Ligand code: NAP
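Below you'll find only one chain, the form predicted alone, shown as structure tokens.
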Amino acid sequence: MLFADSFKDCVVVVTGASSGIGKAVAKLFLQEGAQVVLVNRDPERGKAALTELREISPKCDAFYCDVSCEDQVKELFSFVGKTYGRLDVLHNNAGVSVGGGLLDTTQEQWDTVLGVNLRGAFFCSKYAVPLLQKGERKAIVNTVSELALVATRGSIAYCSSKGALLQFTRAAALELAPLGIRVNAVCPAGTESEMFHKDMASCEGGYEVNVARLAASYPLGRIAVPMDIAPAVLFLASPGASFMTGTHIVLDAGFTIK
């Protein structure tokens, strides 16, 4: 165990938990003895993740929810309240990426990206608060991005959503501090996942060419795997980060220091 029983029997909600960073975070929490609720909007992928993660620990449930839909988020936290009576950690990880620049991004694309990446974190945080107040860890950790700190061409909706999510993290931390709830973020760079693969494959040159180009731009010379990111999420939720709120950890292979 990495965190010395810090999460034993804690109740954790992870959104976007069927793959990538979310699944890696859920796996680590299960290994640390937590009860984890996997949140995903695709039942087929969610069931596959649940089956896989239950091989690590049976203390794992799934809830199918589109985090951009307020009524569904209400149902999620109603389920958590009725089932567990409290919440210790919320990991707002669900995210989507739709490529496009200022002139060619449609309103539908803009609304989709902002809906999941920003509105989803807002809804989940809002409805988690009463349960977090009953928990022990009282932590929210948001998956943001290096693109909250630097911009890139052809991804205006994603960059905007992640920049706003970082500011949301700070504002929510101020509001929730009197309740003892800490709000922090991780800002990863390119990380192997289904969404990342789709993004890289859709760019001119194809997946291999674009991944090689991206990795070469990182001082450490490689892109991340989900388990490069997951321990930082658990750290921010742990007692070791008890004096941290409203801040972020950058995991970008040194890209933003250049």
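Everything numeric here is computed off the predicted structure, so don't read it as measured data. Heads up: residue numbers just count along the shown sequence, starting at 1.
Beyond what is shown, the protein has a form predicted together with the named molecule; the following relates to that form.
Just one listed stretch, out of 91-99, 77-85, 128-136, 174-182, contacts the named molecule in the model of the complex at the 4.5 Å heavy atom level, and that stretch is 91-99. Of the residues A189, L53, V37, L28, just one reaches the named molecule in the model of the complex with a heavy atom at 4.5 Å or closer; this is A189.
The shortest heavy atom separation between V144 and the named molecule in the model of the complex is within 4.5 Å.
Using a 4.5 Å cutoff between non-hydrogen atoms, A17 counts as a contact of the named molecule in the model of the complex.
Put simply, C203 is far from the named molecule in the model of the complex: not one heavy atom of it is within 4.5 Å. In the model of the complex, the named molecule lies within 4.5 Å of some heavy atom of I21. Along 103-133, one residue reaches a heavy atom to within 4.5 Å of the named molecule in the model of the complex: V116.
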